[in-house]
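Before any questions on how it binds or moves, here is one chain, the form predicted alone, in structure tokens.
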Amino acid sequence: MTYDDYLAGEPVIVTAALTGGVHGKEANPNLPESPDEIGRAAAAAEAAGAAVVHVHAREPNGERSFATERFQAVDDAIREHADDVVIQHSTGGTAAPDDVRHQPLRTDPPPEMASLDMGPLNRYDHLTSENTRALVDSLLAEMRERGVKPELEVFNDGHLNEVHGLLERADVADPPYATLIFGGGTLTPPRPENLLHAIRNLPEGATFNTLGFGRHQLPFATLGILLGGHVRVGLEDNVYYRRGELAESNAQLVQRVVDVAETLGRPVATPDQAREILGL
């Protein structure tokens, strides 16, 4: 995917990351936590233009959950409230046993997509996610078995090496889909030249999604639109609408990036167009 794809007017897929598993309502009271809140947030994000919703589950007390039952409750709520949005589960996590990391893949039906972190990373003072190669391979094997499209999450340049290695040792349905992530800790520094560098180092034929944490969400989404990629926004990654002003909802953040895409002349993909682009 290149700037030529932008010039050609290829549709951009907008993913809404609705809740995450790190911060909660203490960071922004509008962040959805219960299955019903997440389901309604998914519907509003879809109405605003999101084709994919990136889903985490939480326990009733707001803490992150990997349990299949909690993901099932969230999916049921999304299908109750939304029309036809693509559901993408998170398998990422910090300090969770490997077998627990598989549980989000075991809903009925399984999600159409799931994240696959491509290696170890640190965030904040006490959050480390190991993501060994053995875990990555075992998660991918179960995704293939259950017909789940992997979203290859690339947090730094070393993870780009891991994407190439993964494609050499395992079958991944075309096109490979990588989310290029920028922020603090061991993530790639959020500078525009680093996005260009990451795109140049993607495998041939891969398509990419762009994610900037915090205040970098809007500028990196805009860059992703201009460079022919897809974009992710939402309260998981950024709780503010602008400096000092909390976002009202995930839909508000989706609507803003949809407005940017339309202003730049790039159409926004429907869920069915997203399925065609991603080979779901």
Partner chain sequence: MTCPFLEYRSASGDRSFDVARAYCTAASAFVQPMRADICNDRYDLQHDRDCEIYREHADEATAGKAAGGAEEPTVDADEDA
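Numbering follows the first chain given and starts at 1. Computed from a prediction, not measured in an experiment: that's the story for all the values here.
What comes next is about the form predicted together with the partner chain, which is not displayed.
- This chain is drawn without the partner chain; in the model of the complex, the residue among Arg123, Lys149, His102, His81 with a heavy atom within 4.5 Å of it is Arg123.
- Using a 4.5 Å heavy atom cutoff, none of Asn156, Arg200 and Leu223 lies near the partner chain in the model of the complex.
- In the model of the complex, at least one heavy atom of Ala95 sits within 4.5 Å of the partner chain.
- When contacts are judged by a 4.5 Å heavy atom cut-off, Ser65 counts as touching the partner chain in the model of the complex.
- Although the partner is absent here, His216 lies well away from the partner chain in the model of the complex, with no heavy atom inside 4.5 Å.
- Remark: Val22 counts among the residues lining the partner chain in the model of the complex, judged by a heavy atom distance of 4.5 Å or less.
- With the partner chain left out of view, the stretch that reaches within 4.5 Å of it through heavy atoms in the model of the complex is, among 51-59, 249-257, 208-216, 235-243, 51-59.
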